[in-house]
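Only one chain is given next, in structure tokens, and it is the form predicted alone.
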């Protein structure tokens, strides 16, 4: 049976411009391009192309472009081309489909249906260039008892917290799923910006302990690389219970990515698949979670805040309520558009809920129960711009995690083939020849540039709202208005319709 599936994208070469320099051939890890000795020209096999744009960007004469294939099946509203091709692939292989990066489906993006209010006349705007604007954020418990010593002086009873110069951190991306150079770029940028990056579930390479003051170390179900020195190295500890791209699913790093360095960092055999179980096998209740939280606090002398990360699902408000009472200092919620190195396609595209709805429901639930100050809330899962950050804070977040935006800043072109380990940009790979394509000096500076720009925009937006601090913005839903939303969505988000007065 003929099982050929026409490629989704085609490489188009302008032979008049092509000088056969063979840069495209050398740069393509997928071996799309090759030189035809007989005809003395470059040719391309489009069936191998993943549309990473490496060849397009580096072609010195701009002779290349990648276009969507014109091939199509007979039109059918229920059976589109992608669905049919996926059936063909599974019929051929009998395997589970794997995908990388976030959910690409055409679901509503609620950030784009929320508008920000601006101040006019009665509430003067603030010029951030001439007036103080506070974007510093502290993450951790806010409640503390007023205690005085025998001399009447106040005793510090505040729980340990994280100080961020801006309300954005780099989300979990493990060494192994991303390269050494990518990991270094995130660490260096976090230090320069006065924020934090997250190790993910892959442990912490010995070279990066120097960035410990700007590092969040993660404890996932596989416990890869977890030991006392690792826990003490970070500024905070995150317990990963779930991930937005694959709620209820564990992790899987192919053995091909378990190089000698990754093996040593994760404390697992080289070349063997690293599989995290779906649940933590010592956590089956909030009480079990509480036990782990206090075990980690005990191991680190109660000096580090503990984060619990969960995926955005239908009952996350109730889950967050339990976490807030379990001793956690920070709750991280990851929406269904969150990126991933690899996830089952059906899980990535069909499981979980948007972060905007999850955040609003969690913040509201914690406020109703009078425990909002027990924890800080961090959200991730498709935070794309400074405007998204401002809207997230107004919906109740204390800060945001970014990952996809960060890898885009480093050079990613969202070709969504991270799971193959053939990242042409040197980010999601362990191939030494590919890794060295990512220069940490350049990548870390681009990350700093991105968040510096965002921070300026956050200040400008807040100034236009007549708000001069992130703290005053947090949970201030009066500054938000909805467009194109139904009554149920408006109710969950806790905002009014655009044009509706108080």
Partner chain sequence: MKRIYVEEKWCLGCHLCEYECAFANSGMTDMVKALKGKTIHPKIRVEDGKNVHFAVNCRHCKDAICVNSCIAGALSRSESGVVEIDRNKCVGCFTCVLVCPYGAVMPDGDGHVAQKCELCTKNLCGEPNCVAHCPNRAIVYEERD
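Numbering follows the first chain given and starts at 1. Model, not experiment: these values are computed from the prediction.
A second form of this protein, the form predicted in complex with its partner chain, is not displayed here; the remarks below concern that form.
Review point. Any chance residue 15 has a heavy atom within 4.5 Å of its partner chain in the model of the complex?
Key: Result yes; residue 15 sits at the interface with its partner chain in the model of the complex.
Check your understanding: With the partner left out of view, is residue 37 within 4.5 angstroms of its partner chain in the model of the complex by any non-hydrogen atom?
Key -> Judged by the heavy-atom cut-off of 4.5 Å, residue 37 is well away from its partner chain in the model of the complex.
Practice item. Mark residue 438 yes when one of its heavy atoms lies within 4.5 Å of a heavy atom of its partner chain in the model of the complex, and no otherwise. Key: Flag for residue 438 set to yes.
Check your understanding: Going by a heavy atom distance of 4.5 Å, is residue 19 a contact of its partner chain in the model of the complex?
Key -> Result yes; residue 19 sits at the interface with its partner chain in the model of the complex.
Check your understanding: Any chance all of 243, 309 and 315 sit within 4.5 Å of its partner chain in the model of the complex, going by non-hydrogen atoms?
Key -> Negative, none of the three is within 4.5 Å.
Practice item. Find the only residue in 46, 27, 455, 468 having a heavy atom within 4.5 Å of its partner chain in the model of the complex. Key: By the 4.5 Å heavy-atom cutoff, the listed residue in contact is 27.
Point to revise | in the model of the complex, the one of 181, 135, 195, 259 near its partner chain [non-hydrogen atom within 4.5 angstroms] | key: Exactly one listed residue reaches within 4.5 Å, namely 181.
Practice item. Tell me, please, which stretch of 456-464, 53-61, 469-477, 66-74 lies within 4.5 angstroms of its partner chain in the model of the complex when heavy atoms are compared? Key: Result for this chain: 53-61.
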